[in-house]
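One chain follows as structure tokens, the form predicted on its own.
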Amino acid sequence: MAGKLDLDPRIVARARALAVRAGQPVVDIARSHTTVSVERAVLRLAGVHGADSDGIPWVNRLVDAVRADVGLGHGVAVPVFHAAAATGVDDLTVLAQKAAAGAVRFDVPEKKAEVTAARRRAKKSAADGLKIVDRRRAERDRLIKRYGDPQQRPWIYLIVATGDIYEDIPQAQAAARAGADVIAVIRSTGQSLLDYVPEGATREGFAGTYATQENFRLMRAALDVTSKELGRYIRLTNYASGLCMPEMAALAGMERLDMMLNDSMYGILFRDINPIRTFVDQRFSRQVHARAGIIINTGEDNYLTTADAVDAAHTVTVSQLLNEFFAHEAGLADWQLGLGHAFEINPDLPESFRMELAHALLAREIFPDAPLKWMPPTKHMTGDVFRGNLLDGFFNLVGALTGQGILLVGMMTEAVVTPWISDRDIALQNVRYVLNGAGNLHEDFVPAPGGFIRNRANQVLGEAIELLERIVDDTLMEAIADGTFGLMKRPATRGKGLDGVAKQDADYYNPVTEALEA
């Protein structure tokens, strides 16, 4: 079926094949390396929890101690469980406390029987952690069956960001009552660059609320109450990005979050995190998300805030194709791919709305089974709230016309202030008006054969293929280094977190990866 844009299926297939060729060398790197965050995620699933008096998680203390004694190349599982057996300490959190005090040293056992015993204990502990993830996924399925999904698509996605989890909760519940289907709790500014996950409930943040396991638990419990009240399941979103991507994924799985921001390149481009660190962490985190039944949200919309949304439209398509390949390789299904794109063309350009329609419909047709995440205008919001509300209405209309899966509510006060609750109410009214009045308009909307929208979509797809061909020749790492995406130049030899990357030794063992790939 050619679809509404009359795309040649052979050309779409070629684009996918090129994305596989461009992405496979990166997967090979990810499969042959580990990071401090991957190893910490393994230990979190094995039961390590809590933090010391300085707020540094015990899991960080334990991984740092292992790394100081034997490095990361073997993985931490065998040294940790071997030490636990040798010292008679069954509780890994207690072992971490002893290691931080210098009372425990780590080594890689030389005897095969000791290695086998350590692996067996690590495998059991990892399996116990994954059972928690499995139970939480089954719990979600039961609640969705009990309360139901929203009647309409796209799902209405709304952001909460006060800095205080106890203030976020009533705001999130109020948003759900006003029509939001998905609540996203924005992280505190800069958390993506912390190489540890803060502990406990937090009441201070900067333009957002710290992502912690306890904050996840509190918000999920509150939205469960609201789901029962409203008779529809309210989904919760946070961030598996930055230097702690694998740990965030593990915590999200254990606390039943439903969506996680998890782009393959966002941290590289916009947080200057080392590319190798990011791709290794990204692969592990997506494996966990696949097991947990979590929908990922990718970040292609961000490219259009730094690059021109018309000239760089094809880079969004290329990134979506790469994200799809990386996701499938990690085990995610199409229904879990909230591939991102955005309404960011300068509205003063002639035919800007028709180009937005072309770009949005192109994504819908290339990825027919993915719940695409449609992002509102930000770059060209001027502070004129009346114009902003109108732009958001046009954005909502594109979402309806092109059958998007997830629609992030645009705020007319974008670029002016952090939205008030009243601003959110007006924004939700805008969404409801469009979806109520034109929610099924995509059934009737078919661009004219040979017309502007079809021609523009095919042009962008052609440019995407040309770029993928160059990436295959030059490698994805070189393309990232050259500023291909979002105009950000990020070489693989630089960036934050590189010192936390290690090449796997021949005897590397990770019981979580082993279970997830089984």
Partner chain sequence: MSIVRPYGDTTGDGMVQLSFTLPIPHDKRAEGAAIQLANKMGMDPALLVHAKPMGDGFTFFVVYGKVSHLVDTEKVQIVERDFPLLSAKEVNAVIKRKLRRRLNVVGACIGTDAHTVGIDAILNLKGIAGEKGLEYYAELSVTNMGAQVSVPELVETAREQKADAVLVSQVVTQRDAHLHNTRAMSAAFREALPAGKRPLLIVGGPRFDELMTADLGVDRIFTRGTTPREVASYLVHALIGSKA
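Numbering follows the first chain given and starts at 1. None of these values were measured; they are calculated from a predicted model.
Form predicted together with the partner chain: not shown, discussed below.
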Open item on the list: If we define contact as a non-hydrogen atom of the residue within 4.5 angstroms of the partner, is N436 a contact of the partner chain in the predicted complex?
Closed with: no
Open item on the list: Using a 4.5 angstroms cut-off on non-hydrogen atoms, would E110 count as touching the partner chain in the predicted complex?
Closed with: no
Open item on the list: Contact with the partner chain in the predicted complex for T189, defined as at least one heavy atom pair within 4.5 Å: yes or no?
Closed with: yes
TODO: Decide whether F206 counts as a contact residue for the partner chain in the predicted complex under a heavy atom distance cut-off of 4.5 Å.
DONE: yes
TODO: From the candidate stretches 217 to 225, 250 to 258, 416 to 424, 287 to 295, select the single one in contact with the partner chain in the predicted complex, where contact means a heavy atom within 4.5 Å.
DONE: 416 to 424
TODO: Using heavy atoms only and a 4.5 Å cut-off, determine which of G403, G163, G299, G410 is in contact with the partner chain in the predicted complex.
DONE: G163
Open item on the list: Considering non-hydrogen atoms and a 4.5 Å limit, which listed residue (R271, H314, H74, H82) is close to the partner chain in the predicted complex?
Closed with: R271
Task: Every residue of T306, F386 and Q429 near the partner chain in the predicted complex, heavy atom within 4.5 Å - done: yes
